Ligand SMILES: Nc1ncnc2c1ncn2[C@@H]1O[C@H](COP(=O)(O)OP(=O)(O)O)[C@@H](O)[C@H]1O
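The data below hold one chain only, encoded as structure tokens and taken in the form predicted alone.
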């Protein structure tokens, strides 16, 4: 079996699903020039049940909507799925200025004639990519109308002034959304009906231990336990409304640990990666106290990684 599926086998994902996944990747070639859009994920996704649901849905031609709180791994899962299926990725981050022109395309003058400059959704549909629709609940009506047509069971896009295109058989779309961010809104029923929805669970001790172990296999056991506990402590305080979710940043934690490798003290690194993500002085004090209970001030890089090279 292809080595890219090793982490699925480690988590005891259904062998039948892994086999079908391999067949899918073999059956759909990647068009020339799109290879650079197939990217190795920053980290493997951990969670057998979630992986099985997502893979099964995509194999059946469905689109996915990943919902949940911050730091539940929505984008990590989306990146992992695109990699596993061997498809080029087209990212769309929705905001107030994203409309149909950015998604489908706009007219441009080239070679003495008016031509369509293809948008990201158009290109994704054409080459059989995986479209990652980030913060889809921030999409304005003009963009939502494009998504309605693209994600419809008929799998075709009617481009005004141009021909209708049928979606490539390998094309899939994965939407992500956080709850309660500024500028977000409820998705209408028509759009939600075009997805299968996975509600992402919060991080657990098991998932965090796996992630830290994969990212930093040489990490000291005590350090891994304390860093896992630190993240879970912050997650609990955020769930209880004691602090915001600004500091609940797994990417920030991993980035901080990489700076420890560079020679920074763990306290300095965590100040950049976790504490300073909050700009409220009172909240920052709470976060600093949580860090201090887990990571002593006198810790150095050797307390995290042993002897640094």
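This structure is a prediction, so every number in the text was calculated from the model and none was measured. Residue numbers count along the first chain shown, from 1.
As for the form predicted in complex with the named molecule, it is not shown, yet the points below apply to it.
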{"query": "In the predicted bound form, segment of 98 to 106, 70 to 78, 117 to 125, 187 to 195 with a heavy atom within 4.5 Å of the named molecule", "finding": "70 to 78"}
{"query": "In the predicted bound form, the one of 57, 38, 275, 43 near the named molecule [non-hydrogen atom within 4.5 angstroms]", "finding": "43"}
{"query": "Residue (of 30, 254, 267, 53) lying close to the named molecule in the predicted bound form, criterion heavy atoms within 4.5 Å", "finding": "254"}
{"query": "All of 226, 232 and 291 with a heavy atom within 4.5 Å of the named molecule in the predicted bound form", "finding": "no"}
{"query": "In the predicted bound form, residue 203 touching the named molecule (heavy atom, 4.5 Å)", "finding": "yes"}
{"query": "4.5 angstroms heavy atom contact with the named molecule in the predicted bound form for residue 139", "finding": "no"}
{"query": "The named molecule contact in the predicted bound form: residue 65, any heavy atom under 4.5 Å", "finding": "no"}
{"query": "Interface membership of residue 151, the named molecule in the predicted bound form, 4.5 Å heavy atom rule", "finding": "no"}
